[in-house]
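As structure tokens, one chain now follows by itself in the form predicted alone.
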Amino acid sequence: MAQPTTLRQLVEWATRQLEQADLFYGHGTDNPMDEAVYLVFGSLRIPFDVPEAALDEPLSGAQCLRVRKRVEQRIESRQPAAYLLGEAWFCGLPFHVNEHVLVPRSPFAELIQEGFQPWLNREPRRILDIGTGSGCIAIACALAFPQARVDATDISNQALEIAARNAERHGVQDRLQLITSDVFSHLEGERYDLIVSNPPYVSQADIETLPAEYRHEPVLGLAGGGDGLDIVRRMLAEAGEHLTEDGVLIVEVGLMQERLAVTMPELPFIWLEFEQGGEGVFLLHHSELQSVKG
């Protein structure tokens, strides 16, 4: 078979290669074809919305070679495609990523695009993102609420360096404060209208069985202790002291939803639903967190 020489042919070729490999998809795509499109277009820095006619225009030999090497690297290394490309998309925005931050993939994107309605009584003036990683949630919030000031924390200074780079890329560096903090440890006296977080929530048993792709991500961003809920429990115990009277806490716990509900039955968790896919995101109001003990 002749070597592929157009975008369409490269995507078809890459799809076949990925289908034959034992790969896991969970970092922005969920099937070989979408992953192939991501790798081909991303490797060549070509917009995903190119005209149909452009798909059949011939590419240079160097461009085709670059794509073939990138696909081979994805198969051989089992690294997420976003790490190979150095970029991931969230809320329709590009973010620089590397092995120091998780690849953005949270259903928070849908909440941000909808302005967190109908859950906020007013536009938040102060927002906190705990465990910001690449900064994608904090930055998207800053863009969605241009009058708000956003604090974003992480325990990893390497992650905060990536977040700073992304904040400058999207022009929100003047309204986004990056803070080295273990949950609320360096936020004494601060209160927020909205606190959001996609914290580590993978249990120790599950960490040991993750697909190879996830093992390229920083364990700090995944491991949530023995049952996966250590950091979430700390957040619930302390969040009431950092919310305004009508403030809201929204946290993603993924597949830990049922375990958390059973562990803390006294809390009236509101479990949010998503049209674009996703689960395990809860909402609590300030008044509902006052009785939580650490």
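No experiment lies behind these values; they were computed from the predicted model shown. In this text, residue numbers run from 1 along the sequence as written.
Absent from the display: the form predicted together with glutamine. The rest refers to it.
Can you tell me if Leu102 lies within 4.5 angstroms of glutamine in the predicted complex, counting non-hydrogen atoms only?
Leu102: yes, in contact with glutamine in the predicted complex.
Whether Trp119 contacts glutamine in the predicted complex should be assessed with a 4.5 Å heavy atom distance threshold; does it?
Looking in the predicted complex, residue contacts with glutamine do not include Trp119, since no heavy atom lies within 4.5 Å.
Report yes if any heavy atom of Leu222 sits within 4.5 Å of a heavy atom of glutamine in the predicted complex; otherwise report no.
Result yes; Leu222 sits at the interface with glutamine in the predicted complex.
Heavy atoms within 4.5 Å of glutamine in the predicted complex: does Val202 have any?
Yes, Val202 sits close enough to glutamine in the predicted complex that at least one of its heavy atoms falls within 4.5 Å.
Only one of these stretches, 141-149, 102-110, 187-195, 82-90, has heavy atoms within 4.5 Å of glutamine in the predicted complex; which one is it?
Among the candidates, contact is made by 102-110.
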